[in-house]
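As a starting point, one isolated chain is supplied in structure tokens, in the form predicted alone.
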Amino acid sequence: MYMPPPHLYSFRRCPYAMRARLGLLFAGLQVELREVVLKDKPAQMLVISPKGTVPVLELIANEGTGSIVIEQSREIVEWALRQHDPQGLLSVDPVRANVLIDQNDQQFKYWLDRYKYADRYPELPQLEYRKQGEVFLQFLEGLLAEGEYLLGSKVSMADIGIMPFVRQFVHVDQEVFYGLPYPHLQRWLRHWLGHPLFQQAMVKFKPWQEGDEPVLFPQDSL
């Protein structure tokens, strides 16, 4: 029986959505991509996910049985890799990987937002927000001094789960970042920025509207 591909509501520049797209790409799964304009979110997305944030993955069930909705980027990655994990990302120290992603999502992201949008948070100068965020970067630097990836010699969920957020932090002021004493972190980030799957994850698509022809992602099935 033919099953239509899942619908992925995404926003290209959102690090959570980048994480989800990377997970799908590493899993070799194809979805119908629905690029979202955050100021004008499609009603179809809000019906299935009233929280109104991306990414959202809608698994299309058999006719008459409804659908399954996954609303968290980390859960989308885990779901995708459970379907197919040819590089074994889920098997690389999963406990430590989840601890690192927790630190990223619960601590680093807090300082990242304040560093990027310092004008919205005048309580502290931007430099202080950057220094607070660097605590996590220094920890990652130590991990990467011991291996090519965050958890050693193999790529893990931690790498694809954290890299989009480090990238966003760096983009606030790239000149400053590449002048900081983090050679291993800088090497790791450059590797990911040039990675074919990340470049594929960042291809631009026009915003989706109901009635549009389906846009498959990736466009060539892996």
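It should be emphasised that the depicted structure is a prediction, and the values quoted were computed from it without experimental measurement. Note that residue numbering begins at 1 and tracks the sequence as displayed.
Another form exists, predicted in complex with a small molecule; not displayed. Remarks below refer to it.
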Candidate stretches 52 to 60, 177 to 185, 151 to 159, 25 to 33, one within 4.5 Å of the small molecule in the model of the complex by heavy atom: 52 to 60
Identify whether the small molecule in the model of the complex is within 4.5 Å of every residue in the set Gln103, Arg167 and Val170, based on non-hydrogen atoms. no
Proximity to the small molecule in the model of the complex, single hit among Glu134, Glu71, Asp85, Glu141 (heavy atom within 4.5 Å): Glu71
Any chance Phe198 has a heavy atom within 4.5 Å of the small molecule in the model of the complex? no
Heavy atoms within 4.5 Å of the small molecule in the model of the complex: does Lys41 have any? yes
Answer with yes or no whether Trp208 is in contact with the small molecule in the model of the complex, where contact means some heavy atom within 4.5 Å. no
